[in-house]
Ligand code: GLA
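Just one chain is shown here, as C-alpha cells, and it is the form predicted on its own.
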C-alpha cells in the first residue's frame, strides 16, 4: 500500500468536510482498505473458509463534533443534514450507521459531521460498504479517544451493515478489512472465527482487477435468495457449517435440486480456499490460479451468481499468456473480475479485460488491515 495514497484520500475527506461544513473543531480521520477474495466466495454465511487480501483501494473518513447538534454528511458530492443518525433512505444512511451501532454497543457518540472520500468503487464486489463502516467507526473512536479489540470493531461494523441497514452480509468483509496482515493474505474460518496470516510469496505476480461497471447490490433479491437456499439446505441436513458436508450427504438430502447445487458449491469452495492457502505456503502460483478459475466456474455453474459479461472478462484474462487464473469477486450479478498474472503481463491482461466489457481496470496491491494501520484504536 502507498501511504501517500491513503494520506491523499484522508486530506480529500477533510477538505470535503470543511467545504461543506465550514471551519470547525479539529477532525479525526481514518482510512480502511477494500477486500479482494482469492478463493472462498459465498461461503462466509455458510460457515466456510475464505482466503482473501485487503487491497490498496479504500475509503477515508473525517469526523468532528457537530457545531449545531445536527448531523452533516458529505460523500460523493452529496450533502445531507439530519437531526438523528437513523436510516431515512438517503446517502447518509451508510455513513451514519456506525453511529447507531456504536451507541448500541454502549459508546456515547455525539452529533457528528462526517466527510467521506474514496478510491474504492461502490458496488464492485470489493467490500466498499464494509470499508466505509470500518473507516467511519475507527475515526469516531479516535475522535472520542476510545478503542476496541479487532473482534469488537468487526462486530460493530457488521452490526451497522446488517442490523442498522438490513443488508444480509456475512462476517467476511469486516474481518478482512480489519485483520488483513501487512503484505499478505488472510485465511478466515467463518465457523470458528479463527484466522491465519499468509505471506504473499511472489514478487513478480500481481492481481489485476476489472470493474465491469455493472454494479451488484449485496442486499438484492438474488443474493438474498442464494443465501436463503444455502442456509435452508444446511438446516435440512442438520449442520451449521459447509465444512461438515460431503457429496453423499448432499445427494441423499431431500431438498430441491437448486439447493443441492448451492450446497455442492459451498462444500467445494471452502475446500478450495484451504487448498489455495496451501498453494501460497508452497509458493505454487499455478495451483492458486487454477483454484481461482475453478472457483469462478463453480460460482457460475452451481451457485449461479455469474453473468455472461463476467464470464467473458474471465475468459479474456485467462487467454493472456502469463495469466494463471481469474474469477469474479464478491456477491456476483455484476462487479469486478480479478486475475492473477505475472507483473510483466499485467498491462496486456488489463487491456484484454477492458476490451471484453469496456470496464475500468486497476492493479490491486495487498494492504494491511485497520488493526495494523490504527493500533491506537484497535487494541489487544
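Positions refer to the first chain, counted from 1. The structure displayed is predicted, hence computed values, not measured ones.
The form predicted together with the ligand exists for this protein as well; it is not shown, and the discussion that follows is about that form.
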Among the candidate residues 109, 302, 72, 172, which is the single one with a non-hydrogen atom no more than 4.5 Å from the ligand in the model of the complex? 172
Does residue 56 reach the ligand in the model of the complex if we count a contact as any heavy atom within 4.5 Å? no
Under a 4.5 Å heavy atom criterion, is residue 334 part of the interface with the ligand in the model of the complex? no
Although the partner isn't part of this model, could you tell me whether residue 49 comes within 4.5 Å of the ligand in the model of the complex, counting any heavy atom of the residue? no
Going by a heavy atom distance of 4.5 Å, is residue 44 a contact of the ligand in the model of the complex? yes
Heavy atom contact within 4.5 Å of the ligand in the model of the complex, the stretch among 311 to 319, 351 to 359, 35 to 43, 61 to 69: 35 to 43
Using the arrangement in the model of the complex, list in sequence order the residues of 220 to 250 with any heavy atom within 4.5 angstroms of the ligand. 223
